[in-house]
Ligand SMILES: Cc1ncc(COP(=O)(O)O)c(C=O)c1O
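Below sits a lone chain in structure tokens, taken as the form predicted alone.
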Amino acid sequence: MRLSARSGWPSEPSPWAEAVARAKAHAKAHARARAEDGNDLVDLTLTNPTAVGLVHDAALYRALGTEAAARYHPRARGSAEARAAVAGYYARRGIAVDPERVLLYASTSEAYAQLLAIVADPGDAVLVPRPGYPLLDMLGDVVGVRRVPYPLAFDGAWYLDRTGLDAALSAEPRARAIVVVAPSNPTGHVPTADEQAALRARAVAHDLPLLIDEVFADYPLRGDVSTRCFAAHHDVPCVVLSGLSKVAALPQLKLSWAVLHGPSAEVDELRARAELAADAFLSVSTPVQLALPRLLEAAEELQPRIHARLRANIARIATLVRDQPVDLLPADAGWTALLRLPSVDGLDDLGWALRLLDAGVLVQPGFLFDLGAPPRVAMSLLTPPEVLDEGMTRLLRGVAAAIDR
């Protein structure tokens, strides 16, 4: 049997994945003894809110059991009531959204895949930010679309490298869209007003749509950050993606959305094609669509708890690394903290992550996000406070031990 070249992803686990698997297996096998001597593995990478105590009241889940779900009325873009609920979510944030310009998907990944297939032919390219989350590489392979990176740079704060963006656009005649992740994962960068204008200007100049992934937009880490970047502008076709996984901390209820902004003629054509593609899948379940108004109301109730944990944790990390050979990188928004580690004995980010794993704490090495040098590691800000404290104690102890060698 012959399979596609684009699906020939490596099947062997990486050295990092093997090391993590061994550490977790060892911790599980020795759970009782390790708990007694305090040497169990501390995981600082969990980004699943349901695994870290950030859950809704049980009554919310009973809303999924309505008898109305016994009847099936498929709608390619999603039900009118569910799309109106998405528009209401934005209205509560001061953003006007026409429900007719909303499309529902089972996940942001599904939305990406279908939209990439609409804006690009196999072999075409989309521009994607680097550093970034590796999900787009897999999705691009699935639909046969190449990814051309444009840089986010760091000089004490993250910023859009406009020269690098221009170089990527000039070098790629088959570019078909610019992907913007705002807030960025893992850097937490939110484009400034000037950066937003620069992205829009280049999209207009090259006749490209903007695909805006704003799944973390509800989670600013500072009070002076505006995370809603592109909805108010109508000079360029713009698709904004988000969903229940982050907005309502409900990754197990598979519903996301795309909101279309921009010139009517272009947006109408994009919507028509997206509707046809969605009609081939009809992947969003009836129960979650029926419950969506209540789920989005519940998001407003849970988000303050998430905000409190995110901001308390990043403040706690800043306190713990003060006067230490570890730097907390600034972030505008999101669920991730990046730590810059010292250059010791030629240790890169993978070497550091392995050294810290030996010290009993799990973080993510920067190479997973194309962070490059100097050595940096990522950790989740959703971590329960007591776990964070223990993990940071081990991390700082491990850094000190490496420096002393």
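From a predicted model like this one, the values you see are computed outputs, not experimental measurements. In case it trips you up, residue 1 is the first one in the sequence shown, and so on.
From this point on, the text means the form predicted together with the named molecule, which you will not see here.
Trainee: Out of 256, 313, 187, 289, which one falls within 4.5 Å of the named molecule in the predicted bound form, going by heavy atoms?
Mentor: The residue in contact is 256.
Trainee: Tell me, which of 79, 227, 109, 285 has a heavy atom within 4.5 angstroms of the named molecule in the predicted bound form?
Mentor: Checking each option against the named molecule in the predicted bound form, the one that comes within 4.5 Å is 109.
Trainee: Pick the stretch from 212-220, 323-331, 268-276, 150-158 whose residues have a heavy atom within 4.5 Å of the named molecule in the predicted bound form.
Mentor: It is 212-220 that comes within 4.5 Å of the partner.
Trainee: Is there a non-hydrogen atom of residue 246 within 4.5 angstroms of a non-hydrogen atom of the named molecule in the predicted bound form?
Mentor: Close contact exists here: in the predicted bound form, residue 246 approaches the named molecule to within 4.5 Å, heavy atoms only.
Trainee: Flag residue 90 as yes or no: does it have a non-hydrogen atom within 4.5 angstroms of any non-hydrogen atom of the named molecule in the predicted bound form?
Mentor: Outside the cut-off, so no.
Trainee: How about residue 181 - does it come within 4.5 Å of the named molecule in the predicted bound form, if we only consider non-hydrogen atoms?
Mentor: Yes, residue 181 sits close enough to the named molecule in the predicted bound form that at least one of its heavy atoms falls within 4.5 Å.
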